[in-house]
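Listed next as structure tokens is one chain, alone, in the form predicted on its own.
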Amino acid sequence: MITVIKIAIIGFGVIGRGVAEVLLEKKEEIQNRIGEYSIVAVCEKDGVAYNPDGLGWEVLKMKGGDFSEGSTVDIIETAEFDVAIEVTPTDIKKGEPGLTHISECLEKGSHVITSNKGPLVVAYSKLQELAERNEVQLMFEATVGGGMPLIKLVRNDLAGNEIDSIRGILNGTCNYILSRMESEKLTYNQVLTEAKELGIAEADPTYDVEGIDSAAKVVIIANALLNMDITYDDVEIEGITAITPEAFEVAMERDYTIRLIGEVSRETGSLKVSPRLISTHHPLAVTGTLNAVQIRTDLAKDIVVIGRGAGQKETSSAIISDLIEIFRK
């Protein structure tokens, strides 16, 4: 029986630091749900910080040279921890370095919580088999929709339902660009420049605007929630770069808008990310950086979830919910 839950955070950028801050700030509240815990290790590209007795608020002040020499692999191999929170950057093609981190943690018998889409896109089935073989859990609520609950909603609250399809807006950057083009009658390039200045779009927004990020989430949804066995190459992808203000004018004349929709359908076999016409009165016609997903089931019929799909606090919310799910008293 675990007396103190020991946590390792792998990746200590914006998300990793956000998770650490929540774990320290809300410690009493979270411990009431799961029992006593401590952060024993954090790993980042500049080094590691490790204390088997626990790291406190001082870890949030650490930068660059404050970390000890060592690698993430060293910590995984030698440190004692019960759960690893893997939040390194996503690589859709190879899944690294997250794929190695997650595999090795599962192999040693540690639970894993991740926001990293890459490893799940590349090797979902293998990672799940590894988790089951070692009797630990792989949790990934934060990979799809950030703070918007979807994975556990379908697996737990909709248990007993057959999921016919899941479709919706899975990328907040694209939704911001499209809704601003609609409301302000601006060009794609004008709004993209604005989004970069506001920090909503990355300096290189390719993953978002070309539909790559949404397609990765479609793969995870299909495999994890609809029990498919698909790869990224199975998804038909079209981004938003060719959308014009004129296209919105035509759509609005008919009381429609344009949104980038990712869809997984068991009935039609559709695996697709593309700009779609949707009614302005439809629940998916959200604006700004919001995400929205429509889950079609046989018993509960249509369920719609709306929430913020990215951000430090929002992603931390999903990770903490996974932690509580694993260790709930």
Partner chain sequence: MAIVSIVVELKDQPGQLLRALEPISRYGGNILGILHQREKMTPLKIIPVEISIKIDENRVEDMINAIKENGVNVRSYNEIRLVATTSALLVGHIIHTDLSDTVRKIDKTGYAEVIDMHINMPQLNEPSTAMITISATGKEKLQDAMKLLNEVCRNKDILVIEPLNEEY
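Residue numbers count along the first chain shown, from 1. This one's a predicted model, so the numbers in the text were calculated from it and none came from an experiment.
As for the form predicted together with its partner chain, it is not shown, yet the points below apply to it.
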- Which of 242-250, 215-223, 142-150, 117-125 lines the interface with its partner chain in the model of the complex (heavy atom within 4.5 Å): 242-250
- Task: Tell me, out of 275, 35, 54, 70, which residue has a non-hydrogen atom within 4.5 angstroms of its partner chain in the model of the complex.
- Result: 275
- Identify which of 63, 282, 27, 301 has a heavy atom within 4.5 Å of its partner chain in the model of the complex; exactly one of them does. 282
- Does residue 261 reach its partner chain in the model of the complex if we count a contact as any heavy atom within 4.5 Å? yes
- Task: With heavy atoms only and a cut-off of 4.5 Å, decide whether residue 91 touches its partner chain in the model of the complex.
- Result: no
- Query: Even though its partner chain is not shown here, does residue 232 get within 4.5 Å of it in the model of the complex, heavy atoms only?
  - Reply: no
- Examine residue 164 and determine whether its closest non-hydrogen atom to its partner chain in the model of the complex is within 4.5 angstroms. no
